[in-house]
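Here you get one chain, nothing else, as structure tokens; it is the form predicted alone.
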């Protein structure tokens, strides 16, 4: 199996969030899309969810709230934004966009596995360490993977993002929270990997 050089892989990884931003004007994040999809399935948007105010009414309400909180003088300050400038509100992506996103991830993984030439379905991971720990059990392996997925879900909600959101997008923007989150999950992964190898 031929693998890309480290710098080639880095360029591919850097291109993923860059293309996402240039094409859709949104940061690349898997957990955010998953959350949006689950929220959409639990509470589908309807006509009643549409904003009750048009753009002019929204601007007027924002100016009134600003004046009430900070005084009328703030609205006339030179640094204040032009009240006539259009307000751009980004609409939430429709559910089919999330399905396409996850379908693309699954299809990409499938194409990659098929291109390798020796892919076969399995109940676990193609990993010597995983096989030694959990064997080829059709029950234990999937339970471990599902349990790991649940823990990852809790972690991403607690950290406000996943490896793609923090590690690819947040770190590239030098966001402190993303730097700390990436340090935490990569550091924990490395320590856990060495600990498991030492125990086994």
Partner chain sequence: MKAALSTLAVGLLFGLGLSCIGFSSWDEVHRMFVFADLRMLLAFMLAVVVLVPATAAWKRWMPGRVKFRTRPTHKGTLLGGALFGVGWALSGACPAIALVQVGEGQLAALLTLGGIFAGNWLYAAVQQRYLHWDTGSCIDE
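As the structure is a prediction and not an experimental result, all values here were calculated from the model. Residue numbers count along the first chain shown, from 1. By rigid core we mean the largest C-alpha set that fits within 1.5 Å across both forms.
As for the form predicted together with its partner chain, it is not shown, yet the points below apply to it.
Q: Is the gap between residue 65 and its partner chain in the predicted bound form 4.5 Å or less for some heavy atom pair?
A: No.
Q: Is residue 120 a contact residue for its partner chain in the predicted bound form, using a 4.5 Å heavy atom cut-off?
A: Because a heavy atom of residue 120 falls inside 4.5 Å of its partner chain in the predicted bound form, the answer is yes.
Q: Taking any heavy atom pair closer than or equal to 4.5 Å as contact, tell me whether residue 72 reaches its partner chain in the predicted bound form.
A: Contact check for residue 72: no, nothing within 4.5 Å of its partner chain in the predicted bound form.
Q: Report yes if any heavy atom of residue 145 sits within 4.5 Å of a heavy atom of its partner chain in the predicted bound form; otherwise report no.
A: Residue 145: contacts its partner chain in the predicted bound form.
Q: Going by heavy atoms, what in 168 to 194 lies within 4.5 angstroms of its partner chain in the predicted bound form?
A: Stretch hits, in order: 168, 171, 172, 173, 174, 175, 176, 177, 178, 180, 181, 184, 185, 186, 188, 189, 190, 192, 193, 194.
Q: After the core is matched up, is the C-alpha of residue 123 off by 2 Å or more between this form and the one not shown?
A: Where the cores coincide, residue 123 still shows a C-alpha shift between this form and the one not shown that is 2 Å or more.
Q: Taking the rigid core as the frame, does residue 113 move its C-alpha by 2 Å or more between this form and the one not shown?
A: Yes: residue 113 shifts by at least 2 Å between this form and the one not shown.
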